[in-house]
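The chain below stands alone and is given in structure tokens; this is the form predicted alone.
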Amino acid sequence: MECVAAGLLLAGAVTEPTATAAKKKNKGTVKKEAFGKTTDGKAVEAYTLVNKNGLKARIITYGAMLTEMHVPDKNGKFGDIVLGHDKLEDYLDGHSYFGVTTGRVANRIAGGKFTLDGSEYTLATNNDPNHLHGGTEGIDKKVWSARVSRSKAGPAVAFSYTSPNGEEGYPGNLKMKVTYTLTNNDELRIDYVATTDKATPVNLTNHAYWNLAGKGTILDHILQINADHYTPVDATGIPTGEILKVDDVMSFIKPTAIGVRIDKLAGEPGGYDHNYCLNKKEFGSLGLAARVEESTSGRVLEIFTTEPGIQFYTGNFLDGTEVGKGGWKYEFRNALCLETQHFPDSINHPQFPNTVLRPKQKYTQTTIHKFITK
């Protein structure tokens, strides 16, 4: 099935409880706590969501960032399966976009330039020679406001931030709201809404780093991506403009261990960092994008999204210099990212799904992470 090219749709070890015990104890709660202050004195808060089955997600107002996701393994033992840090200071010192809400435009824009309605805009080239993930001070480095949101599905928190006109070079005042819901069906649901007063590109996503075993390599994780096509890239990670059918190296149509063919990819450091064009009958419909399974824990992650693409990244730039939660040194390919989004550099490729949001339009997207054990 061809991918859709349509318009924008508007510290130490902790003993974890078992799933059975958690289910008896928790009926679905939200807990708010202080999580430090930024260098300019802004208070950062952490919101911990626990559903009736004991699954736990923690999101902080700095970058509307997912910092913890605790789910059970096949024996009912809970474990944290996302990379991150214990303290705010470790995030402020710079990190690999662990769990952040990314934008205004996730992924890359070629040369940090685009033209919209006859005007050329210049952005930071923070991934030389390209613009990456919203720039030097993107929305991932802002303190968002938050409020507990009512939802019959499970505990929820809505995070809001307005990016002012000209911030990081982008036009328009962009109002954004990102709502995290930890449903009682064991799903982490993320709903995005944005509006603007001037035409601007928008492409939001969450940049969680997943390791379903909670430690070690992800090369033995079994991955399936519902995509027959992908967008090949140049040496700097910018799409060539082509949409090609997946070959033997790129295909994950059938469940495949991530490490089986990864060494066949050229480049330094190599590995997967590619956008897949999802198989969709209708743009904007919620459909299965990817499925990941880890055999030792029995954990399974299924990702559903309304977006046309998903960026698969295998932690190629993790090199042990970042020390995360519990003292874990994040090494090469200790995690994977599956970022649901529009295609990279879409603003410079008219044949790609449109990322331009205009006044009186509404940007919306939904991504669901479903947690299963087998």
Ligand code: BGC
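Every value quoted in this text rests on a predicted model; they were computed, and no experiment measured them. In case it trips you up, residue 1 is the first one in the sequence shown, and so on.
Although it is not shown, the form predicted in complex with the named molecule is what the next lines describe.
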Q: Report yes if all three of Ser96, His133 and Gln311 come within 4.5 Å of the named molecule in the model of the complex by some heavy atom, otherwise no.
A: yes
If we test each of His207, Arg104, Lys280, Arg299 for a heavy atom within 4.5 Å of the named molecule in the model of the complex, the one that passes is His207
Among 313-321, 327-335, 53-61, 66-74, the stretch whose residues bring a heavy atom within 4.5 Å of the named molecule in the model of the complex is 313-321
_With the partner left out here, check for me: in the model of the complex, does some heavy atom of Arg108 sit within 4.5 Å of the named molecule?_
yes
With a cut-off of 4.5 Å between heavy atoms, is Glu339 one of the residues that contacts the named molecule in the model of the complex? yes
**OP:** Give a yes/no on whether Glu168 approaches the named molecule to within 4.5 Å in the model of the complex, heavy atoms considered.
**Re:** no
#### Entry: the named molecule contact at Asp273 in the model of the complex, heavy atom, 4.5 Å
yes
